[in-house]
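Encoded as structure tokens, the following chain is the form predicted on its own, with no partner shown.
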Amino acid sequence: MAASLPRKIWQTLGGIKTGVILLILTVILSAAGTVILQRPTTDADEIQRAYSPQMLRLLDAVGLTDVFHAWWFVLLLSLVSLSVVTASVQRFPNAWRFFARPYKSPEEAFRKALPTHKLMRIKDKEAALRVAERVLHKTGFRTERIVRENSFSLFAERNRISEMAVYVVHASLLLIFLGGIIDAEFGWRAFLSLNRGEQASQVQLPNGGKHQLAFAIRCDSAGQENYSDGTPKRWWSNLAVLQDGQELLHKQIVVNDPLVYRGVRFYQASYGLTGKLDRLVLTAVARNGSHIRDVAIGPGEIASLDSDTTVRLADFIPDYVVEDGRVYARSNELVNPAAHLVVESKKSSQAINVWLPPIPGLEQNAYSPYTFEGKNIQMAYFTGLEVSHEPGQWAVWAGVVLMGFGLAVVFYLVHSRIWVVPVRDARGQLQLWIGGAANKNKDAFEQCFDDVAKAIECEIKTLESGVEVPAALLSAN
């Protein structure tokens, strides 16, 4: 009983039903990973808007918001892989015997049982076999003379490799599953948000933790292109890889065209405004009209207006409101902007507060040696990057390529076999028995077999009668 239990487990794992069920479960759960919003590829706010708090807690608890890194998904891939290995090991010895030692000399019982065959009268065995060998060679078959103690015959075949194609497909599945397991165990996904000119060497993991990179990534610029109706067309970011202060790599990324460095991929995931000012462009005019210039200034920056006067951007409110003599930000949207400038002169130690637009009770615009007019507002923006490290991708892609080759062999190559044996009937008359078999696509093979048999019969009759045969009848499909 103890010895039979491992055997039952072994047979169950290698069973076709077990493999099919496990593959169906893998496909269903993989599909769930594409339908259910996944962390961190989806913004946390978007996930919270898509699901109720109770549903989100449930999805997080069972791992459905990170399917491909969940422990149960790794276990399922391991079970499928074990099932594929077990099935291959159980069936490989017979398949290898069939491949390595094909049945070349058909016995009488085999000839009677083979459904696809044909008999034709001949006068000379050797001449008939030479004709059959020549016709089969023309149609792409590899022929071999089979010599036995009391008989000789002809064996021809093509595409024997297709018998082993199923194991190529099995190997490709194992490579794909191996890549998935490696990614789940050693890979990670994270998110990174950068403003223009900002750099970082840490990324945010889905569980709230941080992952330290061996290099830094910097956002030099980013932008959004829109369709004519104003909807976003594409986002782009110019990224640079830095190490020890040196720039090693620079690339503009868009969706589905990431920057890859040391196996870490940076995908364009989002883009938006931060609600903060990047640059305020002003036109400054001296009170006496002697000096006019444009000034581009950022928060906290100081710009020179002349040799004696400077201006500093003390504050910028994108949507301001005044309450109780104080200025508040109503929102981060650029709806009703206000700028607080501080003008200082070497001739006077007094700092003058200038507000654009003028805010009664706060502004001292009349005392400023310069008047200011807003020319352009450039708001700061961020680029959202999805960051991933998937060390198993080489195995996945190798498996995909190998599966493509294996499936091409499975579907397009047919193992065809034809036997040609001189025999005698019950009255002792000499006949040529021709039989054939194929491992798939039987209808097409039967048509090919009929063409080959007709070509052989026609050429034998021509040879025995001495009449020239039409060339069209000598070429079989």
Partner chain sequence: MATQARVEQRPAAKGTILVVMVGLGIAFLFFMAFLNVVKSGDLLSEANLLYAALIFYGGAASFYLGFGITGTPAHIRFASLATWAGLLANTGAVAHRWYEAGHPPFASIYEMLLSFVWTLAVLTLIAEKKYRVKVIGTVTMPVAIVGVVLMQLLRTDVRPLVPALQSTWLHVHVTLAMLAYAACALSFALAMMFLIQDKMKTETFLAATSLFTAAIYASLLTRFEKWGGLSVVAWSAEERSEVFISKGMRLFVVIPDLGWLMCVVLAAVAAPLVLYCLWRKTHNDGYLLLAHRMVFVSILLQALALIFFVLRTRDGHYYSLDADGQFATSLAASPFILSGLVGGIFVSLLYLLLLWRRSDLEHMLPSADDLDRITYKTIAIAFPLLTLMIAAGAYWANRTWGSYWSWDPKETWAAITWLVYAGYLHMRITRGWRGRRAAYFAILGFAVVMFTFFGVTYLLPGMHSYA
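Rigid core (definition): largest C-alpha set, two forms, superposition within 1.5 Å. Numbering follows the first chain given and starts at 1. Only a predicted model underlies this, so the values are computations on that prediction, with no experimental measurement involved.
Unshown form predicted together with its partner chain; subsequent notes refer to it.
Asks: Is its partner chain close enough to 68, 258 and 265 in the predicted bound form that each of the three has a heavy atom within 4.5 Å of it?
Replies: Every residue of the candidate spot has a heavy atom within 4.5 Å of its partner chain in the predicted bound form.
Asks: Taking its partner chain as it sits in the predicted bound form, is residue 234 near enough to touch it, meaning that at least one heavy atom pair lies within 4.5 angstroms?
Replies: So residue 234 counts as contacting its partner chain.
Asks: At the 4.5 Å heavy atom threshold, is residue 173 in contact with its partner chain in the predicted bound form?
Replies: Answer yes; at least one heavy atom of residue 173 falls within 4.5 Å of its partner chain in the predicted bound form.
Asks: Any chance residue 396 has a heavy atom within 4.5 Å of its partner chain in the predicted bound form?
Replies: Answer yes; at least one heavy atom of residue 396 falls within 4.5 Å of its partner chain in the predicted bound form.
Asks: Considering only heavy atoms, tell me if residue 157 and its partner chain come within 4.5 Å of each other in the predicted bound form.
Replies: Result no; residue 157 lies far from its partner chain in the predicted bound form.
Asks: Here the chain is shown alone; which of 146, 327, 407, 95 has a heavy atom within 4.5 Å of its partner chain in the predicted bound form?
Replies: If I apply the 4.5 Å criterion carefully, the residue I get is 407.
Asks: Quick one: from 50, 58, 44, 35, grab the residue that has a heavy atom within 4.5 Å of its partner chain in the predicted bound form.
Replies: Partner contact (heavy atom, 4.5 Å) among the options: 35.
Asks: Please pick out the stretch from 355 to 363, 132 to 140, 286 to 294, 398 to 406 that is in contact with its partner chain in the predicted bound form, where contact means heavy atoms within 4.5 Å.
Replies: Residues of 398 to 406 come within 4.5 Å of the partner.
Asks: Just to make sure I understand: among 154 to 187, which residues lie within 4.5 Å of its partner chain in the predicted bound form, judging by heavy atoms?
Replies: The stretch 154 to 187, when checked against its partner chain in the predicted bound form, contributes 170, 173, 179, 180, 183 at the 4.5 Å heavy-atom cut-off.
Asks: Look at residue 416 and decide if its Cα position differs by 2 Å or more between this form and the one not shown after superposing on the rigid core.
Replies: No; residue 416 is a residue whose C-alpha shifts by less than 2 Å between this form and the one not shown when the cores are overlaid.
Asks: Could you check, with the core superposed, whether the Cα atom of residue 30 shifts 2 Å or more between this form and the one not shown?
Replies: Yes: residue 30 shifts by at least 2 Å between this form and the one not shown.
Asks: For residue 41, is the C-alpha shift between this form and the one not shown 2 Å or more after core superposition?
Replies: True for residue 41: a C-alpha shift of 2 Å or more.
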